[in-house]
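Structure 1 and structure 2 below are the same protein chain in two forms, each given by itself as structure tokens.
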Structure 1
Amino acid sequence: MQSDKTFATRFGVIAATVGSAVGLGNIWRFPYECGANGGSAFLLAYIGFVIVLGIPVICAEFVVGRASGTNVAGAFRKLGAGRLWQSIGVMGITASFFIMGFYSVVAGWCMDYIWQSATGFGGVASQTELHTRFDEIVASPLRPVAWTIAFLVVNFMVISRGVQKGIERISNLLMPLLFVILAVFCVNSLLMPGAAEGMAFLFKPDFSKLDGDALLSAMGQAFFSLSVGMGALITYSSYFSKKTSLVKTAGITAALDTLVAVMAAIVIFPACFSFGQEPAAGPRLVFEVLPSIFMSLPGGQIWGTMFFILLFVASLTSTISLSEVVIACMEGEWKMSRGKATLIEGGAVTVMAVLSSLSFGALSGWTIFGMNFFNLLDFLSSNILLPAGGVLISIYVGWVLDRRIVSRQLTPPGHTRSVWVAPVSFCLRFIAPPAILAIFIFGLL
């Protein structure tokens, strides 16, 4: 019998990996970043980074995961790496906790907004009212905490069912659903009066906007969106069979992840221009600008409900991969049962998430380095842990790991050395480490 610790089908491999990559980063963060950094120029820079940095680092994580066949804490040791490289595992586990801590709060808001949209926002429609409502919701003492916990319960129920019956089954079901809902939204958006203006903003390049800040934001966004730098893809690729082509899977994941980000932008910008809204409204964009747009459309309640279901689906398949990083370590390193590991990890994440949710209300006076707890978790993971993990993983696979292992893993079975080995290795050796170090340093300035 096939072990539960591998994905059963090729479709399952793609659905789970794309499920990890596609999330709030694509639908919530990408349009806002793109809007704030000059639209089309940002998009081009983003695509460039996905190709020269993203795909090679995904390949590097896949090589480590499949060659070792184990979790992020054990993988480097199993490949004979020294302590420095083993610290990637510790950083990955820490990043998983931090990202779960703020991400599940936003996912909880999405669940709340599914309910709100379905009930027509209680008759509230103007943007000012929706602005106030968002502030009230995130600051209230119980409501966002309750939704965050509800989200975590769903997440850990799926995770507790294991790799095939939990992760793979839910990804196979939810990822196609996500594409269908997003495609419906794109068509609707392209039929709006502001479609031409929105599309020009997104696709007509204006290179004067491409300054250093925009480049750095585009690179950071590419890493977060592709789920690289913290071992989520090491963990998933330890469940790949020998027959899975790593380069092809990396390429498909990057392409579909970028497609979803572009589709989300196609949904949002024409709608913004049609309704005279600001594309650079920031993290609030999805929660206040979009509902005001939906509410003014015929059938707005249905559109709104579908949109927030889409965000919920996207975030669930991403948090599943984040939690699996830690659960696989507990099972593999500490020999815990999956049920026990799920309970312990679930409990720890819930404490982090509750504190981070309360940091918009009861704990808003509590700041560390001038940031509330939610922003601190976001800052530490995106600006420090992911880039540091990305640099270390690239150097390890590019310079330290035996060349024969890299070449064997990147070459599909039955082929002689793949043509992709040389370009991927070149990017990992000479391009990724200095480029990622640049985000790391400038991100801290």
Structure 2
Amino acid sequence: MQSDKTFATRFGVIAATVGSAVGLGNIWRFPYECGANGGSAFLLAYIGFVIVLGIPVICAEFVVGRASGTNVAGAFRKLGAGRLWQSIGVMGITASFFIMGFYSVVAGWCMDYIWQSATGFGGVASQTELHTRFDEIVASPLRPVAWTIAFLVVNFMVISRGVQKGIERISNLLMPLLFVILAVFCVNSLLMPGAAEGMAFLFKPDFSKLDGDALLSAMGQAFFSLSVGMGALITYSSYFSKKTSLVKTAGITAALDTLVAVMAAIVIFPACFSFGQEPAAGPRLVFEVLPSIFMSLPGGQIWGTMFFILLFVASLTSTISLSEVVIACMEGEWKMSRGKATLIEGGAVTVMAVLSSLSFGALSGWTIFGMNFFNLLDFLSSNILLPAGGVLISIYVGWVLDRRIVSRQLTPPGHTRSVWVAPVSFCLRFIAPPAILAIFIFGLL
């Protein structure tokens, strides 16, 4: 009988790992970065970094997870790693916890906007009005907190049901839904009057813009978009069966994650050019620019509602993996039941998320190192913990871990030695560490 601590199907493996990687960054950061940094020139650089940086580091996390068969805190200890390398697990848990503290707030905004889109934003349609509306919502003392808690309740309901009945089942449902919604939006955008201009802005290569900063942006986007360095992929790969091909799964995960980002860009740029809107990055794009466009379309309430459902799905599949990192550690290291671990982790995350939400309103005057609580969690996780974890795991698997373990894990069943062992090891040894260090230093400047 198959354990609930193992993914039941190959589709479940792909759906869960892609769901972990796909998030809001694919939809609100990649399109702008691509359009502002040389279009398809940036895209080519991004794909190159995904191949030589992203996929090898995913493989490194997969190797550690499946070889140990346990949570991120215990994985390195079980593999005989010293204290320095065991700190990778601690950083992964901390990063996952911090990210949940602010990411769930944004997900709560998305849930709020599902309702607002469905009701037509109360007649508000212009970008200026929507800007004012967004500022009022995030500064409210109760409304964003309520939606954040509602999102966390959904997240914890899924997590509490375990690997197969919770994570795998919801991933099998939500990931196809995400691609269907994106495909519908792509068709609609390509039929808009500004489709040709938008596609030219996105895909016409402008290598003059591909300078050092643009290359670092492409490299950083490739690294952070794939959810490496936070322990999620180590945790998920501990649920892989021995028949799962790690290299193939890493390649498919990276390819589908990139496809989501490109599809999001195809949705956004024709729409912006058709309605004379300036493409923007971050919350302004999804909570102000795009809603004003959707409300100008026939059936705008439907389009807006579908878009924020898309964002909700992307948020949920990511936060499920983040919660699982912490809960799996509490189960494995502290021998807690899943229900108890979920309640404790859920309560702690809720407190952090409430503080993050209030940092735009009632607690806006409370700053640490000049940052509100929301931005502090974002900075510590994205600029310090994730790059540090990525560097250390690359060095550990590339230089420290027994070569036989790496070769055995990367070689599919029935083969003597995979042809991918040597290139993956080379990238982990000589390319990934200096590249991620460059991202780390750039992020602190």
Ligand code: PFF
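A quick note: this is a predicted structure, and the numbers were derived from the prediction, not measured. Only the largest set of C-alpha atoms that superpose within 1.5 Å between the two forms is called the rigid core. Counting starts at 1 with the first residue of structure 1 and goes up one by one along its sequence.
Of the two forms shown, structure 2 is the one predicted on its own. Core-aligned CA deviation for Asp211 between structures 1 and 2: 2 Å or greater.
Fitting the two forms on the rigid core leaves the C-alpha of Gly69 displaced by under 2 angstroms between structures 1 and 2. In the core-superposed comparison between structures 1 and 2, the C-alpha atom of Val57 has shifted by less than 2 angstroms. Once the core is aligned between structures 1 and 2, the alpha carbon position of Gly35 differs by 4.3 Å; this is the C-alpha shift at that site.
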